[in-house]
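Single chain ahead, written as structure tokens, the form predicted alone.
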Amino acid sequence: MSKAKEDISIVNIEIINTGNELLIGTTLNTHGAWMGGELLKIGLRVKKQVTVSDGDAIGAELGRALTENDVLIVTGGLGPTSDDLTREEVAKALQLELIEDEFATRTIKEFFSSRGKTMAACNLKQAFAPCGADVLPNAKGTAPGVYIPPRLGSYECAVFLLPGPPFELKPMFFEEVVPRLKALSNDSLELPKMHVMSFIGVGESDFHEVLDARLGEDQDLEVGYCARPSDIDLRLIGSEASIRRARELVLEKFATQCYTEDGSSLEQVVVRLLAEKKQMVSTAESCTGGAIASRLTDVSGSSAVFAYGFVTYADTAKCELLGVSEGSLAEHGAVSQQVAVEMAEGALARSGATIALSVTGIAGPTGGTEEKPVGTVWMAIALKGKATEVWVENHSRGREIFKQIVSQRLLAKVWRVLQSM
């Protein structure tokens, strides 16, 4: 491993991702989010992420990035094709000569021979690296990574070049990048103190109106929000004392909306509560197509608390599987209070569960009427020995988001019911 002449203060870290596929929408760029989370675990924060196309577009970004950052991580563009120019552009920016690494050459040749394949000559370009740099072994592919220590070239910035495919990048990140970052900082990195609270039924504007100003008075506290269509995370970063003060302040106002503080999903919380309360749940779904059952059964241990999942999309299925009355369907329609109640009660009776959930609605974008517009959804919860509760909402945001919101809203209702037991 190359040694920097002295330790550096790692304040600014930037990630540059290369690849046309990331910009035209055929591949989801997950590198920044993943590396940001992993770096935070060792006390480092990513300050910026940039995505550029294949080819020499990276060259225009390098001059700025090398000047502004302490560490630069570049992903992609290390392959054998003509548009894989990351090594060349980085060497040019650092004014370093590209030289062939003999070990990398042998490794690439062995990669092909061990698989009984003939190696195209263009693969050998992957064995070149800027003079003085470390070549990082790639156990999962042919493109080695590269590490260029600070001050080796024309800049103070340390540079890591990593392959684009995640199954190649991730092992290299843990085995080669993390140890070097710790060494650069003389292993003096402090793990950040962070606390995340998740809420249902409250939005960013509610926090802003009630708490933002008071939370902002604490100079030792960083506050952040991650809002989704149906819930929100509140992120607190700071000293233990500042986090404790902020948490107490938040719970004074929104304790009944906070469903977890340990990073669990709502379905994980619900499954745990079902087990604690010794309850069994079943679902009867129409417009959500099994999304609620899927979320519950994604949780390890759900087999102990989940009985049946009925997906009754067609009216005939509602009648045959759940015992919904043909008269109710004819008089009120599938999307109605009466049918939602009968679906929940039918699921309860047929499954032997103690709690049954039902949902019937119009996900859209077609199928709505003036009386029942797109987004209309009836939900019900039936409990053994108690009256069935039923209510109507409207979430006209597209089918995928509709399913997400409705499943979250119904799981939130179960969470509240279980808490009251």
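Note that residue numbering begins at 1 and tracks the sequence as displayed. None of the values given here were measured: they were computed from a predicted structure.
The following text describes the form predicted in complex with a further copy of the same chain, which does not appear among the structures shown.
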Inset, instruction - Give a yes or no for residue 368: in the predicted bound form, does one of its heavy atoms lie within 4.5 Å of a heavy atom belonging to a further copy of the same chain? - result: no
Non-hydrogen atom contact residue 52 with a further copy of the same chain in the predicted bound form at 4.5 angstroms:
yes
With the cut-off set at 4.5 Å between non-hydrogen atoms, does residue 109 touch a further copy of the same chain in the predicted bound form? no
If you check in the predicted bound form, is residue 28 within 4.5 Å of a further copy of the same chain, heavy atoms only? yes
The listed residue (181, 169, 104, 321) that reaches within 4.5 Å of a further copy of the same chain in the predicted bound form by any heavy atom is 321
Students should find that, of 269, 299, 96, 177, the residue having a non-hydrogen atom no more than 4.5 angstroms from a further copy of the same chain in the predicted bound form is 299
Using heavy atoms and a 4.5 Å cut-off, decide whether 33, 40 and 46 all contact a further copy of the same chain in the predicted bound form. yes
Only one of 254-262, 151-159, 222-230, 329-337 sits within 4.5 Å of a further copy of the same chain in the predicted bound form by heavy atom distance, namely 222-230
Across 284-319, the residues having a non-hydrogen atom within 4.5 Å of a further copy of the same chain in the predicted bound form turn out to be 288, 289, 290, 291, 293, 294, 297, 298, 299, 300, 302, 303, 306, 307, 308, 309, 310, 311, 312, 313, 314, 316, 317
